[in-house]
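This document starts with one chain, in the form predicted on its own, laid out as structure tokens.
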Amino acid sequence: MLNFRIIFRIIGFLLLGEAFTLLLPLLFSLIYGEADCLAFLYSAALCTVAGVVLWFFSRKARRVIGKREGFLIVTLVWVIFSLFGSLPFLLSGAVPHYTDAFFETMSGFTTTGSTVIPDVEILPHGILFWRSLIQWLGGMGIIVLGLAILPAFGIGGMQLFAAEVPGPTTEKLSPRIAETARRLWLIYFLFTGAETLLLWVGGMSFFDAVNHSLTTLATGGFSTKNASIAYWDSPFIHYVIIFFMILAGTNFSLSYCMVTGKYKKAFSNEEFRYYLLFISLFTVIIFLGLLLSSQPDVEKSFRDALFQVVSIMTTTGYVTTNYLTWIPILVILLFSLFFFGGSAGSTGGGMKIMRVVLLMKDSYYELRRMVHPNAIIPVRFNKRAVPDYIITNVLAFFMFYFIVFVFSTIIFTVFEPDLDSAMGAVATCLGNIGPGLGNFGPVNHFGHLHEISKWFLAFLMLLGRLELFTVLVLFSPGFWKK
């Protein structure tokens, strides 16, 4: 039987953490003398009350978390955090309708970056910072944050880590899961601080630099400007953001190796090499396409090509140009990147590079097995044979991903009859990217959609952020049986 008390206890504890983070935007509200202070105070108070109630009534919980509890906790935390996180938008009047406020918050926590707000530049500074902060928290993962602290209360967390951390495998930096979480967050803090400093030096205001650093490292894509990064016509700013997007899309375990001087281990990683190879290959093709079709400026063409490839592949979703004005073949190439994603163990969404590479290898080896039916040809990754159960998991994920994409696109055409727009909206929300195609391109927003379609897309964001299985397993009848 599910241990509901431990579920309520952990959710209660994490809600108290969210209540604290709801007070952080107050600093900017007070500095700029804006009227959204009370919205954050009321939201923090409601969140605190809910957290205390759950914590108090579950104080006698058995401190045991199984796989089923792990899946349920992770899914519920993302939903409940979005429910409470939407309150500042609603109470401040920045987003007057609850459906829109929930969509914006779920888009933030899942680091999708799709928005329903047509003009973000009129928002109060506290609300703008809250949009960025929820992406930063969602980037590394609410659960991973909790894992750094939960063991102090005698609660183990490997099941939560396995359910929440992106990718087909979970790599620990330390035998202790809490120490792993703390090291990941340390790297996350260091990178965020470094990017803030560089963007500030490069010409952004300190407020803009902080916000864009938060959303870059989260691969989220929310911006304080309607034109996104295109607002700053600065090659330095663009290249700084490109560099940190690449870092954010890299397995944070490898980033830790680089920071600690273990460069050989990082660059010998096969997924990392393929990650850089895909970025390079698509950038060169799109760069040449821009150069030959519409943009004779060599440096600008290269920068736009590199920026958009990295932004889409890492699922950050920033833009420096409206890529829908490019020739169709370049738009198709960019759309194919919607299904790549960053590295496993990164803040990026999508299918993940490791899965893409394993699919390519297994397909190629299957051809060889047909020619040599008696040969044993295992799929190798990082010079090791990949267990069959991981290949099976990857194939199942691939099938589920495209089944969800196809059926969701069919369903979404009820609300958005334009097929390009429907495909773009579903792909961008399922991959946690942000901008899509057609009516949901980089210069558009999602505010005009029907309310039901917004809830539907919010569900796809959650499904994509938790990599399908964590959520879909809850709909299995066997999950609820003893």
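Owing to the predicted nature of the structure, the values given are computational and were not obtained by experimental measurement. All residue numbers are counted from 1 along the displayed sequence.
The form predicted together with another copy of the chain is left out here; the points below concern that form.
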Is residue 479 part of the interface with another copy of the chain in the model of the complex - any heavy atom within 4.5 Å? yes
Hey, in the model of the complex, does residue 369 get a heavy atom within 4.5 angstroms of another copy of the chain? yes
Is there a heavy atom of residue 445 no more than 4.5 Å from a heavy atom of another copy of the chain in the model of the complex? no
I'd like to know whether residue 71 contacts another copy of the chain in the model of the complex, with contact meaning heavy atoms within 4.5 angstroms. yes
Check each of 450, 59, 67, 63 and return the one that places a heavy atom within 4.5 angstroms of another copy of the chain in the model of the complex. 67
Exactly one of 419, 38, 30, 49 comes within 4.5 Å of another copy of the chain in the model of the complex through a heavy atom, and that residue is 419
Given a 4.5 Å cut-off on heavy atoms, tell me which of 124-132, 307-315, 183-191, 388-396 is the interface stretch with another copy of the chain in the model of the complex. 388-396
Which residues from 317-340 come close to another copy of the chain in the model of the complex, meaning a heavy atom within 4.5 Å? 328, 329, 332, 333, 336
